[in-house]
Structures are given as C-alpha cells and as structure tokens.
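This document starts with one chain, in the form predicted on its own, laid out as structure tokens.
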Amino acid sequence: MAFLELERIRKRFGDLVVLDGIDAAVAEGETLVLLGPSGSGKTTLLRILAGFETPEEGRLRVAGEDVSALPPARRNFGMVFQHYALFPHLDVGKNVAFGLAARGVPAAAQGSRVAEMLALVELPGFERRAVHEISGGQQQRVALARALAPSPRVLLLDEPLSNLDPALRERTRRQLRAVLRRVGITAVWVTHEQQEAFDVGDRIALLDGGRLQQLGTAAELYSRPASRFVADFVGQASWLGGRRVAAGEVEVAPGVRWRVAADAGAASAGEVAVMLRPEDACLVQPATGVLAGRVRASRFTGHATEVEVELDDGTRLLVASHEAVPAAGSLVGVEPLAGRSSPRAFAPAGGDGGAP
C-alpha cells in the first residue's frame, strides 16, 4: 500500500511548464530516487513535497492524509540539504538537538535522543565537537541525524552528496543508505548521478522535461527501458538501424538477423532502432550471417575491456570483452551474447519511441 502518493502534480513558472502531471506512489519504508538531467524538474518536485512550492494542480497524500495545503512545518517531513545547513556556531550535539527544541521536546529528553541519533549515524561521542573540526562526510551524517531526530514521517534528501569528493561520496553514500534501511523511513532522494541512484534507490523515477519517463527498479530501467531517452540516460547503449522481419526478429544488416525483445516502443513491422548494451554483445570471428566491423579503439575498465567497433556504414558499437582484444583495425564480428538479455527494438529516431 502506498504511504506517500503524488497525484497529477503540475507546476509552471510563467509560461514554462516545469512539472507536467507527475503521478507516483512510494511504499512505507521505501527510498525513491528522483533522477534526471538538469532542468528535468526533480528539485522542484522535491520542493513541492517539502511545501516550499505550491503546484497549480495535483494532490499530495501521506498515509491517506491530504497534505497538499499544509505549510512545511506541519507536514512533519525531515530535510537533508546539499550544503548541510549546519549551524557553525553550535557544536554537533546542539545541531542535532535543534529540530527537537523546535518540536517542543523537553530539554531533559534531548540529550538521550541526540546520543541515539549520533550512534545511529556512527558518530557516537561527537556531541561536543565543533562543526569545523569534522569532515564533509561526517557533517552530512550530522545533518542526517538532525533530520531524523524528530522522527519525521518522510525524509527528503536534496543532492546530499554533491559537495563531497568521489571517494568520500561513495563511502558516505553507503553509510546514509545503511541508516535509511535501519530506520525504515520513507525517503525521497534527488540526484543527477546514475550510480548514486542505483546504489540508494529501491526504485527510481526518471524525469525529463518535467515528465515522468519511467518509474521502476534500477534493473528495470537498465534492462527494460521504456524509451530511447531512458536507454541512453541509464547506462551505455549502442544503436543499430534495423527492419523487423518477423515476430521478435530484426534484420540489422543484409543477411544478419537478431532476436530482439518485444517492445511497445516499436511498431510490429517496418524500420526500428535496436539497442545493444556493451555486456550483452561479444566479439566473434567474421562470418556469413554475423555483423562485421573493424576495431577502432579499446579501453580497459577494470572488469572488462570496452571495445569500439565501427561498421561499414559508420555506426559504432561498444562491446565489453573479457578475452584478448584484436588490434585496432582488425576485422571482427559482433553478435548478441547467448544467455544475456536480448537487444531491444524501439521506434526509429523521430518516431514514436523518441530519440533523446
């Protein structure tokens, strides 16, 4: 059953439609990530959830209660900001206690709650530390402790890791995700980073141009994208022109036929665009009935070698190889890897499937 419900949320600034009829439901204890490029509407949607912006249309419900018209202070939502928003003149303990005092928690009870929250974020005994004495990752965990201290119904996180360097970001991401799981709180997390979304989200809402492009798990967005935009935004994808010749079968070159996954984005016959993920293809010896091209470049990624293959018509494919890679200029064959996901067919660029 949905705990947090967004129904037909629409928002415009002047003539610009920023959100265009967003519908989503979040289960109790679930972390939903709002993912998308800059200008997609994800931060505006988070601000509407928080009560900082008012939509022109739509409703917001929490546990069945319509909170659309409630001011931020009455929604009982916690917020973790991009820039931490800690008070530099207060020590760590007083920063965490700030939300408790605002909620009327007696001073005598605040100390134990502060200690509980700091232990939860793995910062026990930090009450008397000055904010400037702790690292950026620790400051973000203090901000999380402060947001959780008053026991909010929903936690909102606005790009909480964007100010951290890559190594610290990854470590802090794991720590924050672990805390959310232990607390079991319903959370909405905004990011533009795909890997972050994959790591922390139970499900991901991918936005573009103010519209919800797809809502699902990371695996669903990656393996079964609803459109070409989703396919290109989530992970790497190579594209081939093709012609559907039978149910579930596409001719990608004269005499070369591939099995493809059924896809609502492509017509049952005619021209299609075929998506191929690097790990779903392999290099083989050139032969009749095999897509042929030449190796143009290769790059070792740590778990495989990413090979760029150029076909005769100039199309370039990325193939992840775990074998020795032929030298640049070598003639090779490319085919779908047996046992992996089938390539997916979409409407061609400019068709119903939409090119990014």
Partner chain sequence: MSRAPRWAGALLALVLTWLVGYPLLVTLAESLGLPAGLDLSSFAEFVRRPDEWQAGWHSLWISAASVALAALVGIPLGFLFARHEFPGRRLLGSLVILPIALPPLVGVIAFLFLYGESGLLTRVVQLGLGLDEAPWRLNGPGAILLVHAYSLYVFFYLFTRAALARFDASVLEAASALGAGRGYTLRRVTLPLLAPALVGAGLLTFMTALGSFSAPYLFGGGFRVLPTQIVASKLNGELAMARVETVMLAALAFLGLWLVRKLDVDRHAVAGGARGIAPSRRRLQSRGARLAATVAGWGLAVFLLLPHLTLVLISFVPPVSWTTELLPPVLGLVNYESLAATPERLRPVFNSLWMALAATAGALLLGASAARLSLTLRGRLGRWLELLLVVPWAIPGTVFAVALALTFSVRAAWMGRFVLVGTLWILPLAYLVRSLPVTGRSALAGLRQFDARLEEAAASLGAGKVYTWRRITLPLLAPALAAGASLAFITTLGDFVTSIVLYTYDTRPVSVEILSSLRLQDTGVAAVYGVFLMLVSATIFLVWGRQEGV
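The structure presented is a predicted model; accordingly, all values stated were derived computationally and were not measured. Numbering follows the first chain given and starts at 1. The term rigid core refers to the maximal set of C-alpha atoms that superpose within 1.5 Å between the two forms.
Just so you know, the form predicted in complex with the partner chain exists too; it's not on screen, but the next bit is about it.
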| property | result |
| --- | --- |
| Within 4.5 Å of the partner chain in the predicted bound form, all of V114, A119 and R141 (non-hydrogen atom) | no |
| Non-hydrogen atom contact R103 with the partner chain in the predicted bound form at 4.5 angstroms | yes |
| Touches the partner chain in the predicted bound form: R181 (any heavy atom, 4.5 Å) | no |
| Contact test in the predicted bound form: H83 vs the partner chain, heavy atoms, 4.5 Å | yes |
| 4.5 Å heavy atom contact, A219 to the partner chain in the predicted bound form | no |
| Contact residue in the predicted bound form, chosen from R259, H132, R128, H89 - any heavy atom within 4.5 Å of the partner chain | H89 |
| In the predicted bound form, the residue from P286, G209, P72, G248 that sits within 4.5 Å of the partner chain by heavy atoms | P72 |
| Listed range touching the partner chain, judged in the predicted bound form by heavy atoms within 4.5 Å, from 141-149, 185-193, 166-174, 221-229 | 141-149 |
| Contacts with the partner chain in the predicted bound form, stretch 24-57 (heavy atom within 4.5 Å) | R47, F52 |
| Core fit, then V131 C-alpha moves 2 Å or more between the shown form and the other one | yes |
